[in-house]
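Before any questions on how it binds or moves, here is one chain, the form predicted alone, in structure tokens.
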């Protein structure tokens, strides 16, 4: 009965509303008592909702939208290893050396897989990835066109086959075939880019002559480098690029641009300026790429600082005369060249930056990096270093997100953090770090090597200036997901613990030292042992210190295949003292024996402390053995120890005779 009653009620309500609307429409013209306000209220009350459906605009989503939405719901796990090692937990690196080894192994495997796929494309024709991932599909690496034609030449250019492309070009000329200027330009670009040689494949053997690693390679020592990083060819006289250039019936700015940029890239700086002079003699105007290359090469063709800047200013003046519009790379090239202009850099860098902003060109992070380096060099030469310029830069950059516009953009954050560290400016260091964390600016930290430099400097700054509780919070946040501390970084942490009186945490830090693979660093381990043995602590802390000392001893003696640390007198003395304070007399005695096997001589205070422990334990036999050990080392403290032992212990006649003889022998030799 409920359902039919509901339908009847709905029918009566709908009909009554219709009847009421008709009645109001009939009487409303004759109802002079209703005001306009009342009629408006009645109309709004009786207004029916429209029956039309408003279709919203179509939203176009990218194929990665779901993944991006899921990614935005989670943050970074500070306990996790870098994402590229999470596919195989067994290969999760614990140290920087393991990171280097596993990274190189992964790249080697990728190169081998890519080589196999590219050389056997018929076995990899199906594409299962959604969305499509081009790098997982085979690339065309073999030549398909064998006939002598311009299309075959284009194919060789696209595949970066330099030698084959030059041979095909010569064959086309010999056959009298006309080659379009656009194809010729592309061939010149290819030859100049790779210095008239076929490009070196990653991991491949290199048979051509190459230069010795230059300053940039030596500066990057310790960095994970690939094979192509070591290859640096020099421009040869009358190579194929110059030969093809001389064969051209007409030469324009484009072909001059290819040669000048190639000469600058491969070290022929003076020849590049000679080519630019030839361009001007032919009444041609240069393009922005030519000026950018020449500005970069200017410091290499002049010796004095003022001559270098005069040449750069002359190039900019000619650029203005030829009405060539500068771009971001132009100003970055000027700022980078100014870093090699000595004291002129400080004043001219600011003028360059102001000119840059006046032309409506927004500086990139590389621009600010060059300015910071210019001011840092000028300040270091004068002896006064301050952070004023970095403060101004941070005021402009804070709250902004950046994208990479220049290869040197990745150097800004490490440079900024270096200035903060050198000036011990913690507040400014936090501002730089917050800028890195803003948006996706962290992508501009560069490769993992450069990221390690940034986080190492930030962590060193924290250890020097911040409270230990805050330092430990950052330590757990950065290690190991972002930063593998070296032994110097861990020494800074130990010093921070010492400064704030939190030496009770030293055993925990020792576990991290072992996990990070620094347990064979003698300097670090000795610093740790010295801090634990320097002062006396509560029984609970001393017990933890003793366990830590035994672990250090076992690690150094356990695995003979590892490059274990060399025991020093201070290390053995500190371990023995720690064991004595924790009433581990037998373990302390075993450690004391190591002095003889390691050719080390114990110190007199250690033997006196050991004798006091023997006295409290009531161990006369061990006391006698201690005196005999002192005599074996020919220590001057032997008579004193023997005399003390005779006075404080209940000895047998045989033991007294031995000690008396040692006492007399020591006194006579003394």
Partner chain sequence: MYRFLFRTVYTARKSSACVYEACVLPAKCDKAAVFRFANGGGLKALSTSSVSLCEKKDNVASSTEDEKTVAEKEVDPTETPTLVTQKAEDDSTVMKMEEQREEEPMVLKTGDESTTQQEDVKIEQVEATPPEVNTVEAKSGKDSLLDILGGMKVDVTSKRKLRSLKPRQSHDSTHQSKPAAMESTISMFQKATEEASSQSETLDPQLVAAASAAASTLPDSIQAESDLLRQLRQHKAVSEAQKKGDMNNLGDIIAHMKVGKNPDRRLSTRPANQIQFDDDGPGYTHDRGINTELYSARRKKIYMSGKRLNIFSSTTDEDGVESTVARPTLWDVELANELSLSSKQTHRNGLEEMIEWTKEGRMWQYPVNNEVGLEEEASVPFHEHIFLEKHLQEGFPRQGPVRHFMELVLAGLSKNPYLTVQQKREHISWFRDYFHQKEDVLKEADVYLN
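By rigid core we mean the largest C-alpha set that fits within 1.5 Å across both forms. Positions refer to the first chain, counted from 1. Please read these numbers as outputs of a predicted model, since none were measured by experiment.
What follows is about the form predicted in complex with the partner chain, which we do not show.
Within a 4.5 Å heavy atom cut-off, is residue 352 in contact with the partner chain in the predicted bound form?
Residue 352 belongs to the contact set for the partner chain.
Should residue 429 be classed as touching the partner chain in the predicted bound form when contacts are defined as heavy atoms within 4.5 Å?
Residue 429: no, not in contact with the partner chain in the predicted bound form.
Taking heavy atoms and a 4.5 Å cut-off, does residue 169 contact the partner chain in the predicted bound form?
Answer no; every heavy atom of residue 169 is more than 4.5 Å from the partner chain in the predicted bound form.
Taking heavy atoms only, is residue 469 within 4.5 angstroms of the partner chain in the predicted bound form?
Heavy-atom contact with the partner chain at 4.5 Å: absent for residue 469.
Within 4.5 Å of the partner chain in the predicted bound form, heavy atoms considered, which of 501, 109, 407, 89?
Of the candidates 501, 109, 407, 89, 407 is the one lying within 4.5 Å of the partner chain in the predicted bound form.
Going by heavy atom distances of 4.5 angstroms or less, which of 509, 421, 319, 546 would be at the interface with the partner chain in the predicted bound form?
After the contact test, the surviving option is 319.
In the predicted bound form, does every one of 62, 65 and 359 come within 4.5 Å of the partner chain, counting any heavy atom?
Judged in the predicted bound form, 62, 65 and 359 all sit within 4.5 Å of the partner chain.
Since the chain is shown here on its own, which stretch among 493-501, 272-280, 440-448, 583-591 would lie within 4.5 Å of the partner chain in the predicted bound form, judged by heavy atoms?
Looking at the partner contacts, the answer comes out as 440-448.
Residue by residue through 151-176, tell me which have a non-hydrogen atom within 4.5 angstroms of the partner chain in the predicted bound form.
The one in contact is 160.
Aligning on the rigid core, do we see the C-alpha of residue 616 shift 2 angstroms or more between the shown form and the other one?
Not so; residue 616 is displaced by less than 2 Å.
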